[in-house]
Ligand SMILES: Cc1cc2nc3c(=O)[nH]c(=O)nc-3n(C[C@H](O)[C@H](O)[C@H](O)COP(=O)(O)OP(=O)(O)OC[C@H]3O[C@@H](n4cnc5c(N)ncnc54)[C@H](O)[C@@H]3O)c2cc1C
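Shown next as structure tokens: one chain only, the form predicted on its own.
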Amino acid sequence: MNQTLFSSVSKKHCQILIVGAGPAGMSAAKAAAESGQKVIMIDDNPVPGGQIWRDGANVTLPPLAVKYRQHLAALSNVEILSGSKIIAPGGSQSVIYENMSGCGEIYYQSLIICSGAREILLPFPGWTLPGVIGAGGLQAMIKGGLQLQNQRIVIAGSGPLLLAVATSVNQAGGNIAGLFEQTSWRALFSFAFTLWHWPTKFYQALTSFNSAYRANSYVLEALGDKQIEAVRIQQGTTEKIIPCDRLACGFGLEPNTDLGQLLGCRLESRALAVDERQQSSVENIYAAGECSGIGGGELSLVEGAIAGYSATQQYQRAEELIKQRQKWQHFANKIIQTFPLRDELKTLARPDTLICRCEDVPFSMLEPHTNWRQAKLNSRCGMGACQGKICATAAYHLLGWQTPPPRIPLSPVRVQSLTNEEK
């Protein structure tokens, strides 16, 4: 499949194209715009902010997010294409995008990929029951207006996101029935004693701590008939069954590298590899934020600015931010060291546990195979609507299978976009 399969209704040109309007993308746009060059920022959300600064009915945006949004909106050389998604690379230095108006093409001189990350969802018995959701997914729904009055919510998984989700649940009127972190108390205390290096993170930890928080604990099974009714938890050496109305699980984040891979960018540790200037292995393509390594909002802002300055040859400005990036990269490394997924999580799925929800493929259908390609050809695993974004990532963590390279279109497209542009 190539660009001639897509009907291009509009053509845009810019010096700098930024894919993704989260903190990294907004920071990159702000920095690049200082050069006076034409900048286009494209994102599939209705307004800039990404997941970290997602807007919605139940959201009071932090002042920094409001400042960035207002600043970018006032710049005459920055065009923001919201509600638009990249569906494929175009010709030389162009991409094809789709929105409600149709399909178009953007030509650029330099590209900055700020495509963020997606949640890691690991299968366990009952994980497909209604009421079981990703932790980040629940947080996004709450920001969008979901109310949880008097609902019992269990949150389980790993990483600082769990505490942030618990705060969101409380604000939406929900009751935290349990908050379970799979990492040990020893690792958590060791991490806590290093937080003085990052005072803002220390303050966040203090203000978001929840009395329901339990370490060395993880989900074994979601229980229920037509929807979740309870969850079975391993807490230390004890098993517990906790009644609940919803279960939110978060096992970390996976860098979203699909566009970069299609453009030939090299991966390193499952993220887009970048140099000191945030440049990828491909000339004139840069990457910043979670797609170049999971690190949080502060690191994303710094990386985005470095990428924006570098892409517009403002190298002195970029170099001024190197120490700041090192500070937040050190924090990101501490997170990675503190919250590795335990081996027990690889053994939760039973033979009849679905690994691919789109095509109803049970875990047992993967066992005779030794790699993703074999499993896909023989079971249709990964051939559904998400195109393996969930099950292929799960197979990597459970079985060590390498994730298959992406194919175009990068996301589902309308039939009208698949007509020949030369007609």
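Computed from a prediction, not measured in an experiment: that's the story for all the values here. The numbering used is simple: start at 1 and walk along the sequence shown.
Not pictured, yet referred to below: the form predicted together with the ligand.
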Report task. Would you kindly say which of 271, 95, 348, 117 lies with a heavy atom within 4.5 Å of the ligand in the predicted bound form? Result -> 117
**Report entry** One residue of 45, 378, 37, 364 in contact with the ligand, assessed in the predicted bound form (non-hydrogen atom, 4.5 angstroms)
**Finding:** 45
Requested in this report: Check whether residue 382 has any heavy atom within 4.5 Å of a heavy atom of the ligand in the predicted bound form, and answer yes or no.
Outcome: no
Query raised in the report: Can residue 249 be called a contact residue for the ligand in the predicted bound form at 4.5 Å between heavy atoms?
Result: no
Query raised in the report: So in the predicted bound form, does any heavy atom of residue 387 sit within 4.5 Å of the ligand?
Result: no
Requested in this report: Consider residue 289 of the chain shown here, and say whether it contacts the ligand in the predicted bound form, taking contact as heavy atoms within 4.5 Å.
Outcome: yes
Query - Partner-facing stretch of 235-243, 81-89, 335-343, 207-215, counted where any non-hydrogen atom is within 4.5 angstroms of the ligand in the predicted bound form - result: 81-89
Query raised in the report: Even though the chain is shown alone, can you say which residues of 296-334 have a heavy atom within 4.5 Å of the ligand in the predicted bound form?
Result: 296, 297, 300
